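As a starting point, one isolated chain is supplied in structure tokens, in the form predicted alone.
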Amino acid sequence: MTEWRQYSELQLDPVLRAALEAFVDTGYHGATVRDIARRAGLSVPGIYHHYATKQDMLLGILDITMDDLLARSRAAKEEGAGDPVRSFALLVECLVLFHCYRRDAAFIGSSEMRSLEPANRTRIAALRTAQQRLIDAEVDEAARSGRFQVAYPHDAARAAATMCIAVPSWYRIGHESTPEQVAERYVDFALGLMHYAGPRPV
């Protein structure tokens, strides 16, 4: 993925799209297979032809969401061309844009981790850890070189990521600020967390 700032509709099949809508509206446990089938324009047996359980639908949504986020994040990091401060700033920009443009899927990714069965939770948690390690590596390198003066780099890296992940709790498309404007501000917030005093890298 090279155009990581560009977004079109998330590629979900009709069942997963209907499940995502239902999970956002009523929560995973409140959503019924009958309601998902209605939203998808299918019968309940038709739903089970595609997905054996509601859990499979949740896992499918989260797999696709995390694959999308990781592909975009790796492309953002590559754009940093080995400069850890610039790569960190681009990763923050990427996270914020993702959590604005993919608000519903990102919201479910954060709010419904508790609803995953143990093996599935472990699988998605591993993808989330891979995402965090992209940020951790850039923060560690910038701290070692003295460009980030933060006393606790790992804590600061997690604080920066958590700040970005929380965006879906308040942001809606049509907000007075565009996703790009929000991302620009959050890059400044994140660099402040790192006690960075140099020129703005992006």
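We number the residues from 1 along the sequence you see. Bear in mind the structure is a predicted one, so any value in this text is a computation, not a measurement.
Below: the form predicted together with another copy of the chain, not depicted.
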| query | finding |
| --- | --- |
| Contact of H29 with another copy of the chain in the predicted complex (heavy atom, 4.5 Å) | yes |
| Any non-hydrogen atom of R158 within 4.5 angstroms of another copy of the chain in the predicted complex | yes |
| Distance check, T162 to another copy of the chain in the predicted complex, heavy atom within 4.5 Å | yes |
| Proximity of Y101 to another copy of the chain in the predicted complex, heavy atoms at 4.5 Å | no |
| Residues E112, W170 and G192 all lining another copy of the chain in the predicted complex, heavy atom within 4.5 Å | yes |
| Proximity to another copy of the chain in the predicted complex, single hit among I61, L134, A37, V150 (heavy atom within 4.5 Å) | V150 |
| Residue (of V33, L42, L70, A166) lying close to another copy of the chain in the predicted complex, criterion heavy atoms within 4.5 Å | A166 |
| Those residues of 5 to 25 which, in the predicted complex, come within 4.5 Å of another copy of the chain by heavy atom | F23, V24, D25 |
